[in-house]
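Single chain ahead, by itself, as structure tokens, in the form predicted alone.
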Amino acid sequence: MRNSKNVSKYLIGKGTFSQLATLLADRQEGYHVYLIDIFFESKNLNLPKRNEDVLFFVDTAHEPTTSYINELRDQIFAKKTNLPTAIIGVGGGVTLDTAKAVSNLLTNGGQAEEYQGWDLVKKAGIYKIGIPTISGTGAEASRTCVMTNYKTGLKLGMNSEFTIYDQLILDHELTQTVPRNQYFYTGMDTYIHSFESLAGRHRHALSDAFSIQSIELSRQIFDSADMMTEENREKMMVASYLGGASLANSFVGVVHPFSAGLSVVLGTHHCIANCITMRAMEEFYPKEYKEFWKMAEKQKVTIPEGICRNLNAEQYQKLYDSTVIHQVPLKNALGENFKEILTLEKVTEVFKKM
């Protein structure tokens, strides 16, 4: 069991976003890098940005790739010759993971793909503040930042204690404009990775406590008449943080590797890929399977169906390769002999249910 670490500091509550300038007050000597979800390009966020600071709008139409992280690093150094004193990520999981990855890469050198794996990052990154504008991925609390390397077919993050944010602002006011279906898809990520943690082999009392409370809050939210009330959006932000903290102390299971396969091969975004994967998870998580579909029906949310039924043999092989490459979570869920369970034929059968 590794020596665990969680986020050092956080502000939580309605209106706390306005305190960003105060948090940056003692880091004024250098420049800051703002990585903002492109959704806010036409919005006025009232950022405390100065003339010397650098701002990028992160294109969230696609999930982070290793090449994109490398490009952002290069663009920063094209504008500045020295390192920033702070990186601020404002957005959903894509943007928050991008900010974490850039922070690590700026101080560790090399290429992003060199750090895909566990504890490969050797130096602390740039001081970073995470500000989620949608809840569920747990990216604000987790020790990883997921990236896809299309050359190798690997979807994996820089899984390191150096990846964890130094400061969070958890202001649920920022989530009120999230589209309803996306709110459900993303919110379900915390429910899913929390039950995967509880069903796994690498767990302990603290990770269990985070997961149990995250699941309980998820049930309160998605079993209610309206998952998007202000009260529920505040609960969802807390559930997301707790789910991410659980992952910082444990591992996911079967759902996420199959979801990663969908992302790598078909380009499906992570959270909706998780929900699609749940169509085929009754065998592995029967109780949670039933509960998931009950909550989806309660909230009148549509989950895509049939995206893997008519693929060719080459595509199913790629889906298999992109799934079983995730040895750590699959060992956590199924044991050392997981490849004996997840044969090519079995994995193909599972994907066809989606």
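All residue numbers refer to positions in the sequence shown, first residue = 1. This is a predicted model, so every value here is computed, not measured.
What follows is about the form predicted together with another copy of the chain, which we do not show.
**Q** For the interface check, one of 69 to 77, 231 to 239, 111 to 119, 189 to 197 should have non-hydrogen atoms within 4.5 Å of another copy of the chain in the predicted bound form; which one?
**A** Every other range fails; the passing one is 231 to 239.
**Q** Whether H204 contacts another copy of the chain in the predicted bound form should be assessed with a 4.5 Å heavy atom distance threshold; does it?
**A** Judged by the heavy-atom cut-off of 4.5 Å, H204 is in contact with another copy of the chain in the predicted bound form.
**Q** Could you confirm whether I12 comes within 4.5 Å of another copy of the chain in the predicted bound form, counting heavy atoms only?
**A** So I12 counts as contacting another copy of the chain.
**Q** With the partner left out of view, is Q167 within 4.5 angstroms of another copy of the chain in the predicted bound form by any non-hydrogen atom?
**A** Yes, Q167 is a contact residue.
**Q** Using a 4.5 Å heavy atom cut-off, state whether E161 contacts another copy of the chain in the predicted bound form.
**A** Heavy-atom contact with another copy of the chain at 4.5 Å: present for E161.
**Q** Can you work out whether another copy of the chain is within 4.5 angstroms of a heavy atom in all three of N149, V324 and Q327 in the predicted bound form?
**A** No, because N149, V324 and Q327 lack any heavy atom that approaches another copy of the chain to within 4.5 Å in the predicted bound form.
**Q** Can you pick out, from T144, N249, T133, T268, the residue that has a heavy atom within 4.5 Å of another copy of the chain in the predicted bound form?
**A** The residue in contact is N249.
**Q** Hey, which residues along 22 to 51 are within 4.5 angstroms of another copy of the chain in the predicted bound form, non-hydrogen atoms only?
**A** Stretch hits: a single one, L23.
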